[in-house]
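A single chain, nothing else alongside it, follows as structure tokens in the form predicted on its own.
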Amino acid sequence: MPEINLVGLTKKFGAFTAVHPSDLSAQNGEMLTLLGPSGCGKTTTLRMVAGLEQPTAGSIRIGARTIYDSSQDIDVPSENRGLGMVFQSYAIWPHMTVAENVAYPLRMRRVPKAQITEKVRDVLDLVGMAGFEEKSATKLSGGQQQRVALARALVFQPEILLLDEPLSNLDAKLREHMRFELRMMQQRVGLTALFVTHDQEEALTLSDRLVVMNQGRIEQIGTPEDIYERPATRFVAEFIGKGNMIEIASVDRAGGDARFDLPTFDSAVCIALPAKNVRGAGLQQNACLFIRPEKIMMGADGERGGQNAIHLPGRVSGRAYSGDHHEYLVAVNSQTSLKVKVAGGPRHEVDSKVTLAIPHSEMVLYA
């Protein structure tokens, strides 16, 4: 399957820029996910690739074929771009059977009837809907409708698969199941896919790489591990997963390194971070220290665990049990409380004194 290349792709609605000039590529056979809050430009980007929204500037190439280029006045119609698309609403026709829904793209392409029957049977088997050919679309569950929509997008063997929040209408348990089904299908077929979602867990589960967007701009591109473990900006750190963001009033810089004090109930702890843990040139004031809850170790009062870690005395102000772990809220001073996620170990009661150990490598300072 071919790759997708977007160069300088831009979309304006009057004076408002919905998508700022963006360069982006999805590699052959890759599941690339556009992730971000509502209004960040992810769906607009997908619709430009699909030909449902005309870009203001830039170019779109699928493999060696240019399907849009503002400078060369190239704009291939949506139906000629060779794309399969699954919408949030599925767009299943209620007056048709499952087989008729799936066969529709083939009939529009004037494929011989015998071939249509064979292709529909094969693709329904691929998505786990064999035997449902004659069932009315109105009698299907949400998960079955999603499979039929996927089968219809795949039946004509598109070059690229576009997915616009296709799982958002499913209940939580079915959505989790369909994530793995969709991922395994995409890998089995070897499709290049562009996926849009605002669901972080969905994006981390499904993707080869993520594109995190905010206010029409790309904040970071990377593997799920890169995005979660090494967020490039404060927005990415706060948007992806849970995290502690601690306000730091003043930072001393020596070269690229950073040194600052974190007040505790007793005094203050001096923290020194190397340049690789600092994001933002010239950062000195109004900084924020970011730490993931699961990266913090918690022990009894005075217990010092962890190598190359800072130790903060604190008091448990809240606790919640979540099955495989406890979540704690630990006050380290009168204005700062940290979320801590602990799997196993002794339970700490509310109001008990504890010591937090935080490895230097797990702390990042943002402007």
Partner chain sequence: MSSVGQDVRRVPRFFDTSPPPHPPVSWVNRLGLKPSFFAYLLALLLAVLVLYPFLVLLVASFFTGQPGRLGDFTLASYETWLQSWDLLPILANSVIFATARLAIGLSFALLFAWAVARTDVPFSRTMHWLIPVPFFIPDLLTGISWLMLGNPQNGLINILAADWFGIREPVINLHGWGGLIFHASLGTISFMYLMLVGFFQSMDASYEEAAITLGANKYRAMFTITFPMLTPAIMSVSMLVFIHGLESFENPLLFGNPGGVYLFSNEIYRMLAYRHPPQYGAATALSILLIVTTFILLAVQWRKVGGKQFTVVTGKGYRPGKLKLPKSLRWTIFGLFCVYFMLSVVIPVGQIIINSFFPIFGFYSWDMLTLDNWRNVFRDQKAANGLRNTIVFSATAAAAVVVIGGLVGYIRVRTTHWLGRYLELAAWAPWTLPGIVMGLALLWAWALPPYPFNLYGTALVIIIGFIVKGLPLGTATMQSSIHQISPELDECSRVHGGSWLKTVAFIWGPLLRRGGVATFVIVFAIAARDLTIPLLLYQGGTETLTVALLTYYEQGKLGVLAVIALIQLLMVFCLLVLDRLVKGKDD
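Here, rigid core means the biggest group of C-alpha atoms that superpose within 1.5 Å across both forms. Predicted model only: the values in this text are computed from it and were never measured. Positions refer to the first chain, counted from 1.
Only in words, not in the display: the form predicted in complex with the partner chain, which the text now covers.
Although the partner is absent here, Asn80 lies within 4.5 Å of the partner chain in the predicted complex, judged by heavy atoms. Taking the partner from elsewhere, Val155 is found to have a heavy atom lying within 4.5 Å of the partner chain in the predicted complex.
The partner chain is not drawn, but in the predicted complex it has no heavy atom within 4.5 Å of Asp261. Residue contact with the partner chain in the predicted complex: Gly84 places a heavy atom within 4.5 Å of it. Here the marked residues Arg292, His311 and Ala343 all miss the partner chain in the predicted complex; none has a heavy atom within 4.5 angstroms. Checking 116-124, 206-214, 226-234, 253-261 against the partner chain in the predicted complex, the stretch whose residues place heavy atoms within 4.5 Å of it is 116-124. Residue in contact with the partner chain in the predicted complex (any heavy atom within 4.5 Å), chosen from Ile74, Met96, Val269, Ile246: Met96. For the options Leu32, Ala50, Cys40, Met298, the one in contact with the partner chain in the predicted complex, meaning a heavy atom within 4.5 Å, is Ala50. Looking at 91-129, the residues that come within 4.5 Å of the partner chain in the predicted complex, counting any heavy atom, are Ala91, Ile92, Trp93, Pro94, His95, Met96, Tyr104, Pro105, Leu106, Arg107, Met108, Arg109, Arg110, Val111, Lys119, Asp122, Val123, Asp125, Leu126, Val127, Gly128. With the core superposed, Phe87 shows a C-alpha displacement below 2 Å between this form and the one not shown.
With the core held fixed, Val76 shows a CA shift below 2 Å between this form and the one not shown. After superposition on the rigid core, displacement of the C-alpha of Ile246 between this form and the one not shown stays below 2 Å.
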